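This document opens with one chain alone, in structure tokens, the form predicted alone.
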Amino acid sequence: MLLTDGGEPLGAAAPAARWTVEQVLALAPDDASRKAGNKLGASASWSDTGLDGTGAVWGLCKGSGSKPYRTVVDTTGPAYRCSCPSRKFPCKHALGLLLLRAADGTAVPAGSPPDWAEEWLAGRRDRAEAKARPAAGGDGPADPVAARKRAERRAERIGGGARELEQRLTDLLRGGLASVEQAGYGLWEETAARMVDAQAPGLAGRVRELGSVAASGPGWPVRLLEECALLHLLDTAWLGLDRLPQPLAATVRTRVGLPAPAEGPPVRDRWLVLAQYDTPEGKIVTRRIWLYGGESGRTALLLSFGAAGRSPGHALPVGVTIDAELTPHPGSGRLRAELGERFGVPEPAGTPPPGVPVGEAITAYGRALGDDPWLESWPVTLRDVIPVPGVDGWQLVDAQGREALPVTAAALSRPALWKLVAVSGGGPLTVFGECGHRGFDPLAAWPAVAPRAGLAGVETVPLI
């Protein structure tokens, strides 16, 4: 069975980017795929390998059967096709092929793709061209009157759910927070189900989070009261939506779970891929990819989702730079964006964001809270900070030793924290991450050294 997955291809004929081993491993859907791909990253496993100027890489990999697996990767997507039966994207063979090229620049020679690879690549090009052409005919535009009525019905349902949630929060506070431990998680799950019925998945998600606060350790009543207050604020904001400024109203709609399409003119820039990580959320896996525009100075977030064992749609190696257009979504500081047309192939190096001092990072998060009170964190790049151990964990301290940010508990449990310490070696770093009320979560770092000859920037070190 032939499987395929990935974005649309590019038509540019530039040298294919040679990614680093870490960039390739960042594409793996799970740890098992990383380990299996590592085993296949040697020349002994491959034959008839090749690459061309459009970003395509191909090869035949030995398998358990008599016929080798046919593997081809379009690095401009990236997108993958393999004749193996795996339902993971990328599969271990695609990872092995990219790791082979990453480890040895001569192992995959330049050439023309074989027929089986060219057929798939040509199909991708045809689909991209068809997508770019204006649609002819079709069913015509959707009925605006019917769409407005559907939106009004959903708004009424969400309003009913918000009023019911307000009553439940009132009953909770009247009965005392101590009763939460006795009620157990069932109370919250039943309330969340009511919010799902009201077509307010954002409210449902926040209610489910309340159910875990009572088991979060000492001080949980304070944290529960804070979360209840934020949920009350979201309820009342929705019920008074027509009185809010437009940017805040857009944020509230997003927070309760209404989709907000990308809008406005696209921003073309050379976007450096800062970080990519997956977060399980029930049966759905959410992938977050952070980008930084070298010319615009903007930070952008790409979100994609995967379900039923499938990886999320987007996958970009950390540290590459892509020339592309992004269209922002409304609300939440306009961080979230949709990836549009790309120009040329990804390049393997880029200049990191300029960075700010620790104090300015905290100020930036504070300003962002003014626009979105429900914001957990804000993307910032810290300049000239040193990881230093403390009594309660690690901190990122500025080079002068005057200001510091604590590293979040989640980051302390990841092995990449030691990579950050090793890269620093006691010296200052530039570190990108998410700054929030729980501290700073480092996601990428750049050593304070001059770039190597022939490279356009300093290599990005992923920390997640």
Partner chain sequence: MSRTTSPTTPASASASASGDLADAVAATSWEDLVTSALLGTDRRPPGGASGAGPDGAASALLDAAALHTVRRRAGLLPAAASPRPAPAPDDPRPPLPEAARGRLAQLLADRAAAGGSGGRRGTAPDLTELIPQWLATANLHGYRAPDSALPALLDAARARTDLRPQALEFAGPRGLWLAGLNPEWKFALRGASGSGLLPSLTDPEAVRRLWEEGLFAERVALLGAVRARDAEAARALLATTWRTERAEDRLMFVDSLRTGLSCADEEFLEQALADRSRNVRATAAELLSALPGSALARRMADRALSCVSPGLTGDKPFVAVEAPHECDAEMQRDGVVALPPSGRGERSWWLGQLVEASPLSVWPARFGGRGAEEIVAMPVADGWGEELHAAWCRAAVRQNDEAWARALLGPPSTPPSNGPGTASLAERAKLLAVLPPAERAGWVADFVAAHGLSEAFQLLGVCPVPWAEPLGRSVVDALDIARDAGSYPWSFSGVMGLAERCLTPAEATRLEVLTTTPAEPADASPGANGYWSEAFQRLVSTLRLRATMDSELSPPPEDG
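Residue numbers count along the first chain shown, from 1. A quick note: this is a predicted structure, and the numbers were derived from the prediction, not measured.
We do not show the form predicted in complex with the partner chain, though everything after this point is about it.
Note on the interface: of 112-120, 366-374, 294-302, 273-281, the segment with non-hydrogen atoms within 4.5 angstroms of the partner chain in the predicted bound form is 366-374. For Gln400, a non-hydrogen atom is located within 4.5 Å of the partner chain in the predicted bound form, even though that partner is not displayed. Glu190 falls outside the set of residues with a heavy atom inside 4.5 Å of the partner chain in the predicted bound form. For the chain shown alone, Thr49 is not a contact residue for the partner chain in the predicted bound form, no non-hydrogen atom being within 4.5 angstroms. In the predicted bound form, the partner chain stays beyond 4.5 Å of every heavy atom belonging to Pro68. Judged against the partner chain in the predicted bound form with a 4.5 angstroms heavy atom cut-off, the residues Leu169, Val388 and Ala422 are in contact without exception. Distance criterion of 4.5 Å from any heavy atom to the partner chain in the predicted bound form singles out Leu230 from the list Leu230, Ala155, Ala260, Val356. The listed set Asp104, Asp126, Glu341, Glu164 contains one residue whose heavy atoms approach the partner chain in the predicted bound form to within 4.5 Å, identified as Asp104.
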